[in-house]
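Here we start with a single chain on its own, the form predicted on its own, put down as structure tokens.
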């Protein structure tokens, strides 16, 4: 039962990684842009929630209704006025711009809130659990996070495959020039993609803050876990991101069961093994690596 519990907890942890990483995967799939500020934006969303609670009170759960739309709006204008210009500057420019944005956000948060850890207190939900087997309990919050991660990814897949805007995003991802010639506005579609990506990372950031403590410097480790989930599953593949997040989560919890200090190391080793033996990811196709 000990190992079963480790696998179950890793499965649920994978949902958190997946919801945090799906925006990163979407931005790469549409724009071939790796956003190095991705983790910091999730942390920024958590601090925004803290500000709202301090001024308005109540349970942090209600702040999703305010934080997520604001994150989407910020993403739209970031793409329009910053990332688009970086994309026109060559392959290295977007990395430098997003790296600079990461540094600015981290230092701004440190100057404003200090370096101490924070958390979002959601009351009894943070420790309530269900018993599913002998010595196997699942936290209600963790189950909620996993279910919402699946809903978000299913919703994104339906959006990309069934809506006019989603099809425009896919067309832009496949061939920007051909999409432009067919009447699609690439700048607008890229802005929509970034808005969606930042909305999802805001959801992940809030859930992460409800699940554990965070600090202004937490964005770097959050980005690492998100990036590992995306690579393990397959770059630009949303279902792959979910599978990659689950694989990473299980690797970490099983590793922690072997040695409490080695959980993250085991996850990193799984990530390196995927890079070495299947660089296209568990779900990705070989052709996607070179595309």
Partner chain sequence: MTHLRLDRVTAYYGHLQALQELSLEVDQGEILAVIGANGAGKSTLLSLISGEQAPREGRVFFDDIDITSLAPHQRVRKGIALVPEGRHLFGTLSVEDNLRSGASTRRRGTWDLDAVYELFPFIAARRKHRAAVLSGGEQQAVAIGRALMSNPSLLLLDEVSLGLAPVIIRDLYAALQRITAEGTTLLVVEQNITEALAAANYAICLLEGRVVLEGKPDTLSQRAISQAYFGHDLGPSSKAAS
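Worth saying up front: this structure is predicted, and the values here are computed from it rather than measured. Positions refer to the first chain, counted from 1.
In what follows, reference is made to the form predicted in complex with the partner chain, a form of this protein that is not presented.
The closest heavy atom approach of residue 167 to the partner chain in the predicted bound form falls within 4.5 Å.
Of the heavy atoms in residue 213, none are within 4.5 Å of the partner chain in the predicted bound form. Although the partner is absent here, residue 158 is not a contact residue: none of its heavy atoms lies within 4.5 angstroms of the partner chain in the predicted bound form.
Taking the partner from elsewhere, residue 178 is found to have a heavy atom lying within 4.5 Å of the partner chain in the predicted bound form. For the residues 138, 144, 184, 153, the 4.5 Å heavy atom test against the partner chain in the predicted bound form is passed only by 184. With the partner removed from view, the residue among 122, 72, 148, 171 that has a non-hydrogen atom within 4.5 Å of the partner chain in the predicted bound form turns out to be 171.
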